[in-house]
Structure formats: C-alpha cells, structure tokens
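Okay, so here's just one chain, in structure tokens, the form predicted on its own.
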C-alpha cells in the first residue's frame, strides 16, 4: 500500500482492525486521492471535518476510503490551520467529494479551494453568514435568527420553447420535502436541479451533547426505514472504541435483523414502482407481503420496524428455537409468493415498457459520483460492505452480490429482487446454525479518552458509516454520519435528463432515497 500511495512504509498505521490511518498535510490530499483511486481502486466513503482547536489547536479534515481488495478502510487525516481555514478541493477530479466538501464549508467554515461550484449545499439562503453549526463554539441551544434574501438561484432557462417546471418542496402524500426544478423542451427533460436539506435536524451536533450510551437511540432515528443499519453502524464504532467483542449469537441475530430490514424495504419498493406505473395488482401483493413481514417482526421482536432491537454490545431481543421455526416457515411461504410477484411484473409487457431503458444511470457516472448500494450495483458497480468489509455474521455465510449492468429502473428493480433471494439464503443459513451464547457483551463504564473509531454496515439502501470520536472525558466529541442517500442523490440528477416528467416518479422511486438520512 505504501508503494501505491508513494508514502513511507511506516506512514500507514492500523488504528484498529480493518481501519488504516495516514497523517498528511492538506496539500498532499489531492495526490493521495489520485493514487488511492488509481493504485488501490479506492472508493470515497466519507469526507468530513472535526473541530479540535481546544485540544490540538487545529481543525482536521478526514478522507475515508474503502479499499475493497484489501478489505480495509483508509482514513487520511490532514490538519487545517484556523488562521487559514481552507483546504485543496479534490471535487473537480473526483466528483464524489462535491457535496462532502461543500458540507464542510457550510458547517465548519473551511473553504475548499479550487472547488468548481463552491456554493452552499446544506445551508439554505436565510441562514446567516459565519454561523458554522458544527464548530465547538457554536451554541447547541437556541434559535438562529434568519436573514432575508433571495431564493435559491436555480439555473435560468434559455432558448425558445424551454420552460422550467417546479415540483415541491411540499409533495402529495407523506414523503418529506425536497424541491425539484425540471428544465423541459416540450415533454423531454433537458436537466434537473434539486434543493434538499429542508429537514436538517442537527443530528451530528445533537450526538455531541448526549451520553454515549444513548447515542444508539438517536442513530436509529436518522432514517426511519434504516433503523437497524444506522444503529449497527453507530454500535460498531462504539464497540470498536471500547474493544468490546460482540458474542456470536448477537452477531447472528444482528445479521437476521439487517436482512429482515432489507427484505421488507425491497418488497415495499418493488410494489411502489408498480404503483407508479399504475399496475395495481402486483402493488397490492407486494404491500401484503411487506405487511406479513412486519407482523412476524412484531410477534418475534416486539416491534414492526425493528426499532429498539440493536444494543451496544449486542441485541435486545433473543430468538427462541420456536421463534426461529416460525420465522423460517414464514420465509419459505414468502419466497414462493415473492417469486410469483416478480414473475407477474417482468412478464407484463405494459410494465416492462415503462421501466426498460427508463432513468439510466451509466456505469461511468455511478463510479464518478461515488454512488453506492443497490443503485450502484444496478449500474454495474460491484461493491457491498457485507462481502468487502464483513461485519457481524457475514464472514460465515454463503451469498452472492447481485449486479446488473442496465442502470435503468428495471435494473434497480431486479437488483432488489435478486437481493431478496440472497437475503432469504442468508437468513436460512443463520437461523439453522444459531450459535449458543449470550446476546450482549458488557460495555465499560467509560470510553477511552481522545480516541476514535469507524463503524459501518451495509444497510438495504447502501452503506451506513459512523465515525465516533471522544473528548478528554471519554464522552462523544464528534459523530460523522454518512447515509447512502447523501452519495446517491447526485445520481438521480444524472438519470433523469432525456426522460419525460411523467417518468420522474418511477425513476425517483427506483432509487428511493431518504430525505431524512440525507439531510440529518
């Protein structure tokens, strides 16, 4: 690795199992990014800042790369002098860093020099200047006085017969707010602009004022459909900080919970895609299958959406032998009905006419933008943390990572369908060989002071990562949350042009990104 990165052999240190660290100067960041991608096939998983002026007199910038061939994460850390609050941007060459670097600018006041579009991304137009919410001296309590100003400067329309069609931010139904601005010439969409972050909740700031034992409850509220994924990523980080080993039975049960969350979400989304093309029979069947899963989850774990099942050190609910039999029997019936549902969809020409070739995200665009999870796999990007960075019980089970190369709505639907098949395979393996051990390990009274660790989980939508750092008392000093939607929304912008506005709902649904997880 040191040869590929052109650094001294002792510059790379293994902070924790699977987590490598390099200390670098800010000016070295672009070169290290280039060499990590070209020499190690690295993928940018997160990019963030930390305010450590009280302890070290510096801000720090962190680039987090996945190195799937080495089954390691690499975090490159660079100090930023508060007197010169800027750092060299890598976005022009590596667009995956675009929103990350602008988020650092919005919330820390560190300017990415050379960024091709250094505009606000998280902060809206009425947020005051020089009010950087994630700096330590920004008050966590109290309202921020808003300032009058112009609305978000969308790109103007030009050309005869070209119009803009605004949609949102308030939508029909119960989805959260997001503003979409379509530039159209007749029916075809020329370009799509979007404005998000209407539901920014200050989640990362809130972590800094919670006892670390309570953090798992905040983590599972980041995105209501990814309760297990985010709770696991936070728990993994804290357990690695505390050097706690999760018992084998708890690891197996975590695997069960994460796969159940994947199945019920994928099934609901397949039904929702059918709804958006007015194919109501399979839509209803999918929702009935989802409801059956939620009821069995409620019966076995006491919660329909699996909230409150993950604990620091393990899980909160065991699964008895009878419970495993009940779940296995339900999943066998589910598998038969799910196969019939998929056959009903792909055998219907009226359905495939709407999804084939619709909303194509090319392989190159997905790679360049750093798109992750099922959306990336539908565009031919073969990446999955369950295989590339195994966590919980995944190292001991046999499964495949489905990949499609179409990049369209059908490809994203088929990845979901094939992933459900693999989830069922994983679940039967785990349920048939459940280890006999405790379901949780004891956590220490305190976490180590001035330490940090990365936690990750491949949730149903894609990877969730949490970086947790402690202060001098061993309490939480910083939590960086990366939801897969933050990486994937730019992919929607690329997938829509060339289609017509009536196709946008089904394209958007085929990605099904989280406003709450993105905005945090």
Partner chain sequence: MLGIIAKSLGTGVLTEADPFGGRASFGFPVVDFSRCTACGECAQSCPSGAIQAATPTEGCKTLSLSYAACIQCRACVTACPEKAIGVSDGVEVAAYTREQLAQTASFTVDPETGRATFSQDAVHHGPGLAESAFRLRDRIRGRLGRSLHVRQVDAGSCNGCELEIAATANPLYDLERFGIHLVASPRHADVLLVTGPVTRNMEIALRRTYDAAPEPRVVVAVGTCGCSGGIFGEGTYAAIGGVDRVLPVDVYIPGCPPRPQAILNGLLVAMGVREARILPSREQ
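Positions refer to the first chain, counted from 1. Values in this document were obtained by computation on a predicted structure and should not be read as measured data.
Keep in mind the form predicted together with the partner chain is missing from the figure; the text below concerns it.
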{"item": "Partner proximity in the predicted bound form: residue 386 to the partner chain, non-hydrogen atom cutoff 4.5 Å", "value": "no"}
{"item": "4.5 angstroms heavy atom contact with the partner chain in the predicted bound form for residue 186", "value": "no"}
{"item": "Contact test in the predicted bound form: residue 379 vs the partner chain, heavy atoms, 4.5 Å", "value": "no"}
{"item": "Residue 83, heavy atom within 4.5 angstroms of the partner chain in the predicted bound form", "value": "no"}
{"item": "Residue stretch of 153-161, 362-370, 294-302, 423-431 approaching the partner chain in the predicted bound form, non-hydrogen atom distance within 4.5 Å", "value": "294-302"}
{"item": "Answer option from 323, 114, 202, 444, heavy atom within 4.5 Å of the partner chain in the predicted bound form", "value": "202"}
{"item": "One residue of 206, 93, 136, 330 in contact with the partner chain, assessed in the predicted bound form (non-hydrogen atom, 4.5 angstroms)", "value": "206"}
{"item": "Non-hydrogen atom within 4.5 Å of the partner chain in the predicted bound form for each of 3, 50 and 68", "value": "no"}
{"item": "Stretch 167-196 - residues with a heavy atom within 4.5 Å of the partner chain in the predicted bound form", "value": "169, 170, 171, 172, 173, 174, 175, 176, 177"}
